[in-house]
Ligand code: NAD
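Okay, so here's just one chain, in structure tokens, the form predicted on its own.
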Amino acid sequence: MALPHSKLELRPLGNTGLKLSSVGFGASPLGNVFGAVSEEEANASVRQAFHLGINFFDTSPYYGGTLSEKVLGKALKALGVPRNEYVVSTKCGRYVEGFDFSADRVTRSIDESLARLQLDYVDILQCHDIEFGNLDQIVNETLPALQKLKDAGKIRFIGITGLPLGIFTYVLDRVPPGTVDVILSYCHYSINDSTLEDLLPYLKSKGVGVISASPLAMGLLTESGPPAWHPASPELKSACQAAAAYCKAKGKNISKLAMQYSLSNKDISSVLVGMNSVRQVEENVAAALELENAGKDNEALAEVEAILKPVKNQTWPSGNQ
């Protein structure tokens, strides 16, 4: 795929001083979460992402039972570039064996993650899917433990992630300002669900950076459709299928449209999307560059929004990711 030479836009992340590429590299697929990825393919994907201007890489010990961290660590090391040229985010509290947000576990967790990633520090450590834990424990025990890790230089910034938007305000209203640097929300800023937008002024007032993941709504906004386990209602699945079919008939790609929709809000620092091949990297970067150079396809977007209007902002319970 021939790509223009312009680089991806870099956006500030809250009050951190970090600047993230508008497209972020979600490394969960490197843990073989969606099928086997060879080490060669993983290295090539990360190399091409970096070459095209992606500087933000996100993983978790939960993805592939620690495999994603190991594979990403090797791929980043193979780049052979100075550490300050890329931003790495990993998570704590969610593991293949279950959830554990205790101070002891998250403290051990970062040492394990740093070893797998072959790094001295991560830029962001996030409490992973906090709705499955006790939010008061997150406030009173987990975040103070992460603050100690920050003081020790093992992490630079602290984040929280999850699906229900109410978890973010619950925690942020109960911790001192500046405790949480960033939130990662998923499936709430895409064509079918833009409810994250209502929270953006609040997050900005708290100085908290915003990362939005899953612009394709965990596969809903793709031609191939979502995986069988997807928790969306039959009505939502059906509407998204109709929207994808409409796009295909018009020679458009619903995934590109969805990606551009998510990227168009500049209050979101980075749109995180899972990638496991050079082709996927190039398609995502091309969609972002096209948006920057030519703007959104408003006509196609309006038609898709009309199809999805009856199910707009319909969400689902937490439990799958």
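Fair warning: this is a prediction, and the values are worked out from it, not measured in the lab. Just count from 1 along the sequence shown to find any residue number.
Another form exists, predicted together with nicotinamide-adenine-dinucleotide (NAD); not displayed. Remarks below refer to it.
Task: Ligand-site obstruction classification: nicotinamide-adenine-dinucleotide (NAD), superposed in the model of the complex, backbone or C-beta within 2.4 Å - done: The site is open here, because nicotinamide-adenine-dinucleotide (NAD), transferred from its pose in the model of the complex, meets no backbone or C-beta atom within 2.4 Å.
Open item on the list: Whether residue 86 contacts nicotinamide-adenine-dinucleotide (NAD) in the model of the complex should be assessed with a 4.5 Å heavy atom distance threshold; does it?
Closed with: Result no; residue 86 lies far from nicotinamide-adenine-dinucleotide (NAD) in the model of the complex.
- [ ] Using a 4.5 Å heavy atom cut-off, state whether residue 216 contacts nicotinamide-adenine-dinucleotide (NAD) in the model of the complex.
- [x] Residue-level check for residue 216: yes, a contact with nicotinamide-adenine-dinucleotide (NAD).
Open item on the list: Residue-level contact is defined here as any heavy atom of the residue lying within 4.5 Å of nicotinamide-adenine-dinucleotide (NAD) in the model of the complex; does residue 45 satisfy this criterion?
Closed with: Although nicotinamide-adenine-dinucleotide (NAD) is absent here, residue 45 would stay clear of it in the model of the complex, with no heavy atoms inside 4.5 Å.
Open item on the list: When the contact criterion is heavy atoms within 4.5 Å, does residue 29 count as touching nicotinamide-adenine-dinucleotide (NAD) in the model of the complex?
Closed with: Residue 29 belongs to the contact set for nicotinamide-adenine-dinucleotide (NAD).
TODO: Identify which of 246, 170, 186, 99 has a heavy atom within 4.5 Å of nicotinamide-adenine-dinucleotide (NAD) in the model of the complex; exactly one of them does.
DONE: Checked against the cut-off, the match is 186.
Open item on the list: By the heavy atom within 4.5 Å rule, which residue out of 107, 222, 194, 147 makes contact with nicotinamide-adenine-dinucleotide (NAD) in the model of the complex?
Closed with: By the 4.5 Å criterion, the partner-contacting residue is 222.
- [ ] Could you tell me which stretch in 149-157, 124-132, 194-202, 74-82 has residues with non-hydrogen atoms within 4.5 Å of nicotinamide-adenine-dinucleotide (NAD) in the model of the complex?
- [x] So the stretch in question is 124-132.
Task: Contacts with nicotinamide-adenine-dinucleotide (NAD) in the model of the complex, stretch 252-270 (heavy atom within 4.5 Å) - done: Contacts from 252-270: just 255.
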